[in-house]
Structures are given as structure tokens and as C-alpha cells.
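We begin with a single chain expressed as C-alpha cells, specifically the form predicted on its own.
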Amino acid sequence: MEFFLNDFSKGIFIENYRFVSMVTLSEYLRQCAVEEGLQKIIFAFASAASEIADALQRVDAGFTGEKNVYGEEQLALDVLSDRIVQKALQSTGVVGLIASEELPDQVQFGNGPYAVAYDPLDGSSLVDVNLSVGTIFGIYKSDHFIGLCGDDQIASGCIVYGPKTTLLLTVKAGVCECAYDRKNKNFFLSKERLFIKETGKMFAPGNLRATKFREDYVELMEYWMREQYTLRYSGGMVPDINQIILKGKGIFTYPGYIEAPHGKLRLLVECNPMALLVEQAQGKATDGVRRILEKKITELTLRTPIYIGSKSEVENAENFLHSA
């Protein structure tokens, strides 16, 4: 049985419920004239994704008894995922510097011209209840992170481990989605030229504990409910923003509040890569005052509020959340 899907590039179809495509990730990158070194890094994340997806099926999700640099308890899967990504990046021979959510400091790999920031398993606390989680990465052509901003990224992406393993990717030529085919052990182009509409009545409200201290956030929530927006919040940044990009509408918010004025999300390893993806899909990402991608990286652990998604929805949230 074959169902032809017209929105997929070059005749992707489902054959016995398996995705097949004529365009591999490798071919897509060549079509975009991506330089060889950057291709190697993207392939490294693709390879790591297949290993992490397998690990999610077989590794216990328990705590290690250790905490990461942000004071969060580490899961065995966090540590394993980080090791998988590190090994894949080191094998490229072109990565000189990495920064990971799971590491206390940046790590020098050598003299490679690229610096890579990543969260190996974002939303890992959702694993034990079988919700989707993901990997986030941003790539710079640099030998340092401090002093850069998100606009300096040359590529970014996020990998979703759900019913399918998929990769959202930008090399600053728009945003595409690639799906992993386990039989062929390869990623194939499944959607390209992804686009976020100006408006869209869908919201993913992070950090609702802020409503205890912020009446403006309460007012924004009431507005969304009164205007009959659809609530779509998983508890994970990767699946929620993945949904906004694929549905082409909506907003994800994570404001600060008195106990955490800059929120919880990290500029370098989470917000910058996601902001680049969303802007490349014609969306918007701000901290309530300025573009996320304009914010200087002054420290590896810097956090930021974030409002991200459809342009008009972000601007509306900024109007409500007048004290960013």
C-alpha cells in the first residue's frame, strides 16, 4: 500500500508504514552548498541521534546521584547522551571547542575551527513517563563562545525522540525536517521550507509558577483562554517548539519572576539554537525586550526569559508582559 504525500520533497511516500525518500540529509546539505566541516558536525549529531534513540529504549531513567552545573540532578540518560555526543563530535576532527549543559565548563578538543554548544537530552525528566524529549545544538565558526551572540551561529538544530526520530535543521537557508529511517540507518528529507505564520491560536506556557508573582502573566493566560487558544504544552522545550514550527503557528513562553528573574532556560545551549530555527522559519524570538539572537554570551551558564513563535503572538505577549 502506498500513499503519496504531496508536501514532501521529491516524492516521499509511506511504504508498509515506513518513510522512504529520495533525498538524504547528505544530499540536502550538498544542495545547500554547506561546507565540508559543517557537514561533518551535522552528520555527527545525526549519528549520535540514532544512538540516543536506541539508548532511550533500553537504559534506565534513574538518577545518578550527581548534579550538573545548573544544580539539576543528572539522569543516567543525560550522562550517556552527553558521552555519545562528545564522542561523535570528537570523531569529526573539525570541532575545537564544545559546551554542554551537562559539563561544568567548556572543553577544548583541539584546533578545529568550529565551536559547538548543545543540550544532549533536553527534557530528560519526561523520559520516565514516556513523553518526547530531544537534543538541541548550535554551531559557530569560532574558537570561543564568550562575546558571541546567537546571530553568530552558522547552523542550529533540534532532534526529537518521539514516535519518530526527527531532525529540525537550519544552515541559514530556511528550515527543513529530516526523519530517521531505522532500516536504512539514515536521515531523509521529509519537509522543507517550513514556515511559521504571523498569528496562530496555540500556546505553550512554560514556568506557570511565575503566575504567583506576576499578574501580567496571569492576564496573558486569561487572554489566551478567553480568545480560545489551543493549549499545547508538553513540559519540554524541544517538542513544544518543534510543534510550533511544524504546525506553522503558536507561541512558547518562559518568563522570569522574582525567584528566577532570568527564567530557567540557557541562552547558549537552548535559546540561541531554537531562536535561530524559529527566525529562519519567519517567526520571532525575544526576551520580552530584545531579540534573543542579539544577546551577548557573557557566561556559559547565562539564562534568559524567552517568548518564541509567531511574530504577532510574540509581540502580543511582550505587550502583556511589560516587565520582562
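Residue numbers here begin at 1 and follow the sequence given. Just so you know, these numbers come straight off a predicted model, no measurement behind them.
From this point on, the text means the form predicted in complex with 6-O-phosphono-alpha-D-fructofuranose, which you will not see here.
Proximity of residue 93 to 6-O-phosphono-alpha-D-fructofuranose in the model of the complex: non-hydrogen atoms within 4.5 Å are absent; the residue sits far from the partner. Within this chain, residue 266 lines the site of 6-O-phosphono-alpha-D-fructofuranose in the model of the complex, having a heavy atom no more than 4.5 Å away. Using a 4.5 angstroms limit between non-hydrogen atoms, residue 254 touches 6-O-phosphono-alpha-D-fructofuranose in the model of the complex. Under a 4.5 angstroms non-hydrogen atom cutoff, 6-O-phosphono-alpha-D-fructofuranose in the model of the complex has residue 123 among its neighbouring residues.
The contact residue chosen from 209, 172, 141, 164 relative to 6-O-phosphono-alpha-D-fructofuranose in the model of the complex is 209, the criterion being a non-hydrogen atom within 4.5 angstroms. Checking 213, 233, 223, 195 against 6-O-phosphono-alpha-D-fructofuranose in the model of the complex, a heavy atom within 4.5 Å turns up for just one residue: 233. Of the stretches 39-47, 280-288, 266-274, 293-301, only 266-274 has residues with a heavy atom within 4.5 Å of 6-O-phosphono-alpha-D-fructofuranose in the model of the complex.
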